[in-house]
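One chain is shown next in structure tokens, namely the form predicted alone.
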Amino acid sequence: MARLRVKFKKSSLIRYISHLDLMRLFQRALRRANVPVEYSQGYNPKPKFSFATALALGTTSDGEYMDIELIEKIKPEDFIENMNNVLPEGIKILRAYYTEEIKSLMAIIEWSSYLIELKLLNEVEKENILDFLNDFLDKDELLILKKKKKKGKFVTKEINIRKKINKIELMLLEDNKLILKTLLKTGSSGNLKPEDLIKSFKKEGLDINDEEYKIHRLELFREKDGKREVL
């Protein structure tokens, strides 16, 4: 058995496909590309592959990852070519390599980098945006309300997201369009959705349309020996 780690992108052409449909799409593509995938045991065997983390509906990405268990090794370059020949427009395999990693991708990843495009409701000077971001990151607490289901009932809880934000950079401010680059906590050790960061921006006084935005994931990172690195 061999584990193939795969990086792929998801463009705006297919941004509204759900995570479940994405899994089904890859199941079909693996069959059509004749990839020797290992299957689970039982009444309803399924191909053994797993994603690093689910991508929210409407979000695009240049840095999605999945691990595929194979019953025999094939050339990574052949896998890339064969899969891209059968995948629909909007999904593209970028890289593939073998790994002996035992831990799951979800357990490995620590951070995600995103581009977040926001619409300002009023004209704002660049200096004011920079001041807002500096003040925002200087806070010890950034509280948001999260709703969770517990024992069949929905419970609302206030949580502090500050430690889940590594950095925020201003990339563009033009015609009331604001683009920020962020690095947010991701994975089983903690997770912050960009949508929750946007809510926090609004709560802390940034005058934005918090229902009209675009999110693009750039890359996923792990931490090793105190340093961040790409998977």
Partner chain sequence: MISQETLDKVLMNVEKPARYIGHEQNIYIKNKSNMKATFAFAFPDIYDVGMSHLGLHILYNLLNEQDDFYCERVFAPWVDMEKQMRDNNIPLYSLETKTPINEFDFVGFTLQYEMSYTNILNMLDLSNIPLESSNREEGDPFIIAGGPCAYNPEPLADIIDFFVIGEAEETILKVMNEYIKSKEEGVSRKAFLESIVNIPGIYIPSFYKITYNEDNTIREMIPLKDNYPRKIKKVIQEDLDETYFPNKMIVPYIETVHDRVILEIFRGCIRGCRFCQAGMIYRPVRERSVNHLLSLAKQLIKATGHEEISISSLSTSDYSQLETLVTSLIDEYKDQKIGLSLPSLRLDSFSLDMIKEIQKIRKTGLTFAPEAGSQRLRDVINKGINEEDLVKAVRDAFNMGWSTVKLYFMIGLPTETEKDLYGIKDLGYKVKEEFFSLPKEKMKGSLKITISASCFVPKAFTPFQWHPQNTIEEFRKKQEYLKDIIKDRKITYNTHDAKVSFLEAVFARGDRRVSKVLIEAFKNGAKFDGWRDQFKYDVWMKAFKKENVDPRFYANRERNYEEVLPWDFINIGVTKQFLIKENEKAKEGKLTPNCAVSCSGCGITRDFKGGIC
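Source: prediction; values computed, not measured. Positions refer to the first chain, counted from 1.
Another form exists, predicted together with its partner chain; not displayed. Remarks below refer to it.
Of the candidate stretches 165-173, 31-39, 179-187, 196-204, only 31-39 has residues with heavy atoms within 4.5 Å of its partner chain in the predicted complex. Although the partner is absent here, S12 is a contact residue: one of its heavy atoms lies within 4.5 angstroms of its partner chain in the predicted complex. Shown alone here, I74 lies farther than 4.5 Å from its partner chain in the predicted complex, counting heavy atoms only. Although the partner is absent here, Q27 lies within 4.5 Å of its partner chain in the predicted complex, judged by heavy atoms. Remark: L87 counts among the residues lining its partner chain in the predicted complex, judged by a heavy atom distance of 4.5 Å or less.
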